[in-house]
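This document starts with one chain, in the form predicted on its own, laid out as structure tokens.
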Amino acid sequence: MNNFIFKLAILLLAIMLQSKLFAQEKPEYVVVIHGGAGVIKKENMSAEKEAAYIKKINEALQTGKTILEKGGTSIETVIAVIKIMEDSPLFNAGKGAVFTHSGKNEMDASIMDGKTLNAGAVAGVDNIKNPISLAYSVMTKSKHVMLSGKGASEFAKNQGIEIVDPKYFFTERRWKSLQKVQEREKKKLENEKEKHGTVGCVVLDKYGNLAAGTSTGGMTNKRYGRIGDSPIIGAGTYANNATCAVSCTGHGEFFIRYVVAYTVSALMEYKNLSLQDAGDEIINKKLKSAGGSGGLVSVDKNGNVSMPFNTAGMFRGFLKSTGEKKVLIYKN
């Protein structure tokens, strides 16, 4: 009897150890995305619109999975995934970019390679179909990190980046949003809080390399060539193979002041915080106490994922080679 109990105990211990090892299995690859954060509540979302967002997020994740399964790199995955969202009118990036005060669309984007710490960004472009592609060209084909406005468009033409008529970015939904904001402005009413429209992607590939990218149309009714955190390395985008890859979405001015994306990496490197704790520290403590709203998506060198935000919702999702996958919108 005692021998039977001993063998049973050994068997149970082996099962427990195997389960623990499986739970801690490092994924071969991970792709994480966001499509903006803010006042996103289920009661304000129609079933059709919710389904459309979920479908597009799934499409973006599947695009990343296909590339990574075939041995694609983190950088090429970030570009391909973000282009899916830039081409959709659902998100405030590319085709769905919001309008400035003067009725134009001005877009920003950035990308960073965690292996080399090389980065590229563009700001205030109005005729580039996929700003993330131009950001990559700035990173790989120029001596600079950030180009803006007409200069960025000139560089795009020289690099064969797809140029479109600015009318391409017109959507009735975004135009109506501008009219609504400006009407409230005329009446000196406080504008309703909207979601911070930005798209982003962070990736860990089979080679252990991290990459991050972010793209946005900025803020509705913005003036004077305003630029937010999305094209600023360290504020809206950051990647370092030693720690993590981060893409942010939120009130850009706060993300710039608090260097949010880099802070996650710094807290991990210098204070030995976990990815989850580092993200919570900057988003749910420091940023929130300062009055800054928004969130971020991140993945560390071990394939751990964190998606903290301090708003009512954030379009987000992740997929791992282990089969784990989530697509979420609301806070709870």
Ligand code: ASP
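Just so it is clear, the model here is predicted, and its values are computed rather than measured. All residue numbers refer to positions in the sequence shown, first residue = 1.
Just so you know, the form predicted in complex with this ligand exists too; it's not on screen, but the next bit is about it.
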{"query": "Contact stretch among 224 to 232, 125 to 133, 203 to 211, 139 to 147 - heavy atom within 4.5 Å of this ligand in the model of the complex", "finding": "224 to 232"}
{"query": "Touches this ligand in the model of the complex: K115 (any heavy atom, 4.5 Å)", "finding": "no"}
{"query": "4.5 Å heavy atom contact, G94 to this ligand in the model of the complex", "finding": "no"}
{"query": "Partner proximity in the model of the complex: R174 to this ligand, non-hydrogen atom cutoff 4.5 Å", "finding": "no"}
{"query": "Contact test in the model of the complex: T249 vs this ligand, heavy atoms, 4.5 Å", "finding": "yes"}
{"query": "The unique member of L178, I84, M219, I161 whose heavy atoms fall within 4.5 Å of this ligand in the model of the complex", "finding": "M219"}
